[in-house]
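The chain below stands alone, shown as structure tokens; this is the form predicted alone.
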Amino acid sequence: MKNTFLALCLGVGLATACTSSPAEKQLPILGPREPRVTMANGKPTVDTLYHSIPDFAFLNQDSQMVTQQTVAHKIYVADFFFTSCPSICPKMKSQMLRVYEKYKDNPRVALLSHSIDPTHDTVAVLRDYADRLGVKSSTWHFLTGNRDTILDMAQKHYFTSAMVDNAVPGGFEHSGAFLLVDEQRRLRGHYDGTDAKDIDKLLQDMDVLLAEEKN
């Protein structure tokens, strides 16, 4: 599906040098950036201020509030979906299950799946959805909240498309993107959640990011 904001996200990303060793490899930091000038001993120092995901608060399938504190000191993967989606969401969730199975016991990893149809996707609906997927761990949060806030988060901060469109099946248009976010809530990777090979790369990149954050 269309991803209006992908070009912006990838176009301003800055790649860093990579080596064959995961411990030495570094992922790019995606999204806009701006210089920040600070004074030290009367002299200006220029740093780079990277785009980061702002504070948030949504309810998960267990009626628990999930905020930026929930993912503090963790890397996480975010996506946007809805439980009655008749198109790409089943493929997305089958691929996210692969991520879940690999990292469900890793306390440094979280998964955040935001519903873009919160009117239908209540806490009870999300609980049933998680149960049907066999998700037993608190690692994977299925989130609901104010629809406009969620759509705004998708488009303005994760740079992925998610919008109401009554002309498409299900009434919502959204990309299948999985977004990899580091401990500083910076975007570090963008992947097609319907493509098994792209998720292979996500799994590799998560190991790279975990090694990077540990150093």
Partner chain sequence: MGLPKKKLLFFLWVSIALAGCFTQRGDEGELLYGRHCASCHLENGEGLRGIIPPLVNSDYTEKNRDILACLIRQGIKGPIMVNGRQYNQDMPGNPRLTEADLTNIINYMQKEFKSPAERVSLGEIREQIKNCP
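Numbering follows the first chain given and starts at 1. Given the structure is predicted, the values throughout are model-derived calculations rather than measurements.
Beyond the structure shown, there is the form predicted together with its partner chain, which is absent from this document and is the topic of what follows.
For the chain shown alone, S84 is a contact residue for its partner chain in the predicted bound form, at least one non-hydrogen atom being within 4.5 angstroms.
A residue is said to contact a partner when one of its heavy atoms sits within 4.5 Å of a partner heavy atom; K91 meets this definition for its partner chain in the predicted bound form.
By the criterion of a heavy atom within 4.5 Å, G134 is counted among the residues contacting its partner chain in the predicted bound form. Among residues of the shown chain, Y129 is one whose heavy atoms approach its partner chain to within 4.5 Å in the predicted bound form.
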